[in-house]
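Form predicted alone, single chain, as structure tokens, below.
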């Protein structure tokens, strides 16, 4: 093969690649135009499901976005002299005057752009800047977009506004300036509540809780939760986040039962795919520690899931140390993975497990020995003195962890005979807990059901038409009866 043939093959490959790229860009533009049509239909029919369809395509469009596609879409939508057009093109690094002469025929007759389409294009540019890691330009654009939202009061903008607020907070979080936007988020949350904007209300509540947790302001987060009501009609993603934040608050407040319940709901409501792997890992890490603090041992199958297997290795060692009641292993694991636990913000909760490790060790000792000296307990649990062992054993007896007595004079612990658990109220309590869980699951499933907006009006219209038809039939029957009476009279 000659050098000329190789060069020709290379040119053909480049041409084919350019054609494929042009076709891909054309497909993205076609998808954007279809979304513009859906937004116009949503405004005309006042149906939020069309906007939901538009936002569902955001993930697929995001992977194929580039500056050329966005600039072309902006030029096609906005009039020639629109201020928003020049601003958006400037954020994309495009000159608004280069293509205006060529595209004059297509843009001069464009009507006023709908606010929904305007904010949708702002949202796409914000996503593009986020993926490009141009955070400071993203902050400028998001500030302008939030100002536009605050001056509008349209229910068709609710879902778009919620998504824009999310990226607005994301830009500030990545630049470590979350404290600056807290007043803006609080004011927006109050406005969304007054306007019954459930989508923005749910998103803003989660953003505020995330803001408080970023600075470890758990008391303020608890006050916010107590003073607000999370909307029941919010999507599963927002509900999962809210349940996770509630679980963190309850865990800090020592209410481990409520925390475990909220974390289970977060796990159940979160999408089970690789896209949400980070959220699943965060929830499971906290859930494992909460279960240990409750005195339960997590199932082994949790640590075998592909998404969770590697991130949960430090927590597996903690579980093993608690399960066998080995205090020295627990301390070694805590020293080895301390930085990981601090990064996950579970270090404080894990420190509370030290007493659980000791209680587990005492329980195993009570099951293994009917009588054992406090000195031997001190040696087995690696405690400092016999007084510490005596105090810990007494507390375990008072808490109901073990059924034993302490002989203070002779210095030993004597275990009592095991009682049949079925003669106590424990089975009844466990059965009641399972029934409560099933009922809550049923209630959540019913609340999560969604129906088309204003579908009942169609049923009312058909029912009204049916009544009208019945009245006409009754009138015709009455007229026929009168005609029959006349015929009988004539006869």
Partner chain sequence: MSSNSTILYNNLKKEFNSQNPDLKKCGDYLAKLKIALSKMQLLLPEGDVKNTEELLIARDILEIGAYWSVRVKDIPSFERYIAQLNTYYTDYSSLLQPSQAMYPLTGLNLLRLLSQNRIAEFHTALENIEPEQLLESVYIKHPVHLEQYLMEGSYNKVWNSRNEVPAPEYLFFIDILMGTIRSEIASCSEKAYSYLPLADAATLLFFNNNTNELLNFASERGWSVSQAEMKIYFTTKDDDHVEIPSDSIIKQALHYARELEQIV
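Residue numbers count along the first chain shown, from 1. Note that the structure is predicted; figures quoted are calculated from it, not measured.
Below, we refer to the form predicted in complex with the partner chain, which is not included among the displayed structures.
The partner chain in the predicted complex reached by all of 253, 387 and 428, non-hydrogen atom within 4.5 Å
Yes, the whole trio is in contact, each within 4.5 Å by some heavy atom.
Which pick from 370, 233, 216, 274 sits with a heavy atom within 4.5 Å of the partner chain in the predicted complex?
Contact check passes for 216.
Of 30, 59, 463, 439, the one that lies within 4.5 Å of the partner chain in the predicted complex (heavy atoms)
Spelling it out, the residue with a heavy atom inside the cut-off is 439.
From the candidate stretches 60-68, 441-449, 42-50, 22-30, select the single one in contact with the partner chain in the predicted complex, where contact means a heavy atom within 4.5 Å.
Partner-contacting stretch among the options: 441-449.
Taking the shortest heavy atom distance, is residue 435 within 4.5 Å of the partner chain in the predicted complex?
Yes.
Distance check, residue 352 to the partner chain in the predicted complex, heavy atom within 4.5 Å:
Heavy-atom contact with the partner chain at 4.5 Å: present for residue 352.
Partner proximity in the predicted complex: residue 405 to the partner chain, non-hydrogen atom cutoff 4.5 Å
Yes, contact at 4.5 Å.
Are any of the heavy atoms in residue 261 no more than 4.5 Å from a heavy atom of the partner chain in the predicted complex?
Taking the distances in the predicted complex, the answer for residue 261 is no, it never comes within 4.5 Å of the partner chain.
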